[in-house]
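Okay, so here's just one chain, in structure tokens, the form predicted alone.
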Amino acid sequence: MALSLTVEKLSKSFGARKVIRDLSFMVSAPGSLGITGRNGSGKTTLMRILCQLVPPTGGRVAIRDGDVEIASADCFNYLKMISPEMALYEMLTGYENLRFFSTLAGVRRNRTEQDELLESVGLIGRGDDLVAAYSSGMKQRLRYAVALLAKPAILLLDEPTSNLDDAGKAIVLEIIARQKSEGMLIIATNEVEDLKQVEHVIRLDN
């Protein structure tokens, strides 16, 4: 896979406050990058910019497949992000959330495939339960299942082990190992153990 993500002279300001200044880096697949820094240094903002959820003040982000730069409208076909803030529909069941998000992603996953996803994140047998009845850790596990529906080439994890117990953290480490060997992985965290899983680390300091 000749896939790369390039950040060129990126900056982001909120009014007079500069969060990110003149940041440049590149990640190629297979490969992994960690983003760390003190609270308020811009980790989550950077992840949102990479996902095109927030526009930069200056600079640009480019995804290239070989020599071809992917159009902005098509970037969502390549990447998915998981964060504790990722919205789920609590009035729906786990299965219904998977069906809804698979439709948005333009993929088809039958019940067997959905069960395989739920099993991979430790939620097998809980697919018929309303998400409102899930614990915070179970919701985080479901977020992983949702993001993995489309088997993204680029996976962005914001605070990847947030709200997870030891069993949940072990599941995330398995997902991290598989993603960085088969595609591209970018994580934003201050957890030392999480940062040990990536090849390169950028520290933000504004």
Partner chain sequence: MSSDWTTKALAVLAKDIRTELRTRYSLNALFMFAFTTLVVVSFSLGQLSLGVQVLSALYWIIIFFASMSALSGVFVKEEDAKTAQTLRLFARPSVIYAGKLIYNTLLLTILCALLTPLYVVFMNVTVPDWPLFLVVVLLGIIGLSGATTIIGAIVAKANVRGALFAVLSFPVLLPLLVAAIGGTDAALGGAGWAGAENHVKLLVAYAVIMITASAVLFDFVWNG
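This structure is a prediction, so every number in the text was calculated from the model and none was measured. Numbering follows the first chain given and starts at 1.
There is also a form predicted in complex with the partner chain; it is not shown, and the following applies to it.
*Asks:* So, Asp74, Met81 and Met91: all three within 4.5 Å of the partner chain in the predicted complex by heavy atoms, or not?
*Replies:* Spot residues vs the partner chain: full contact, yes.
*Asks:* Pick the stretch from 173 to 181, 43 to 51, 159 to 167, 25 to 33 whose residues have a heavy atom within 4.5 Å of the partner chain in the predicted complex.
*Replies:* Single hit among the candidates: 43 to 51.
*Asks:* Report whether the minimum heavy atom distance between Phe101 and the partner chain in the predicted complex is within 4.5 Å.
*Replies:* Taking the distances in the predicted complex, the answer for Phe101 is yes, it comes within 4.5 Å of the partner chain.
*Asks:* Applying a 4.5 Å heavy atom distance criterion, does Arg111 contact the partner chain in the predicted complex?
*Replies:* No, no contact at 4.5 Å.
*Asks:* Is there a heavy atom of Ala133 no more than 4.5 Å from a heavy atom of the partner chain in the predicted complex?
*Replies:* Taking the distances in the predicted complex, the answer for Ala133 is no, it never comes within 4.5 Å of the partner chain.
*Asks:* Taking 4.5 angstroms as the cut-off for heavy atoms, does Leu142 touch the partner chain in the predicted complex?
*Replies:* Leu142: no, not in contact with the partner chain in the predicted complex.
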